[in-house]
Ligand code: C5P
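Just the one chain here, the form predicted alone, laid out as structure tokens.
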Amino acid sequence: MTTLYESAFAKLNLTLDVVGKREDGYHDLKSVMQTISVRDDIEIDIGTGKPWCLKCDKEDIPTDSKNLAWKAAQIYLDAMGKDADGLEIRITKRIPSGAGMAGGSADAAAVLRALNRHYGEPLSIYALAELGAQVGSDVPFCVVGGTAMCEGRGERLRKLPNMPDCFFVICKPEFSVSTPELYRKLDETAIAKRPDNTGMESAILAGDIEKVAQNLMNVFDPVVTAEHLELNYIKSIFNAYGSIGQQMTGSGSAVFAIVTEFEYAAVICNMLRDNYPQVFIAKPV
């Protein structure tokens, strides 16, 4: 039996635009995504000689084939014509669920990377990302990581230079948002303001963190905030204690701030932690 270890890094959407509805019912997106240091840890035992099983230290996570990590293992082994002779996946969860931080997708991507490494890396990182698109929309980006422009359902990736150095403070309120319901609402809403993806890319290329912060924009943010005004409260705390930019990530419900000094991040955490136990300080990865 062999045990594999891999880190699964969360993502934030620096920009997120919904550019159209597709014939297959999905939506085309355009988003600059960033991996951050908040992570789950994945361990995989290969060759257990027993039926597959998945264990997680958080109770509300599926532990069968509905889990994206399980699905990723199945898709990889099927694609490569391999038999693992029994598999056990163990997930130590730190990325909050229902946050818009790609927790399940990050786990799936980590499984793909670990298995690919175990079998001698027959697939390049981009071929692996392409395979990940069969698991879920955020998986290709999570396979590649770093800073990237993502289009389509998330399967079209273009790597960007590393984001300028900064700290993120991420706060996950107790409520979560139904992503299908949110897309339905967005379809019925006139989008007043869209992200300037070109401006964001230019800011990253210039290494200008102030301009990155100015270009943060997520079309889902106003729709969710209109129904959950506490997001405005969290953003006001961010703003009062040193944030240079803040917004919701993905389809929510986590919101994040960009700060330039660790001291500001620590103060924001202290201000929020009494009301919001899920507050994190992170760096770009």
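Predicted model, so just to flag it, every value in this text is computed and none were measured. Start at 1 and count along the sequence shown; that's the residue number.
Absent from the display: the form predicted together with the named molecule. The rest refers to it.
Listed stretches are 193-201, 119-127, 178-186, 90-98; the contact stretch with the named molecule in the predicted bound form is 178-186, by a heavy atom cutoff of 4.5 Å. Taking non-hydrogen atoms only, R153 approaches the named molecule to within 4.5 angstroms in the predicted bound form. Although the partner is absent here, Y233 is not a contact residue: none of its heavy atoms lies within 4.5 angstroms of the named molecule in the predicted bound form. Among residues of the shown chain, I42 is not one whose heavy atoms approach the named molecule to within 4.5 Å in the predicted bound form. In the predicted bound form, the named molecule lies within 4.5 Å of some heavy atom of H27. Contacts to the named molecule in the predicted bound form (heavy atom within 4.5 Å) from stretch 125-148: S137 only.
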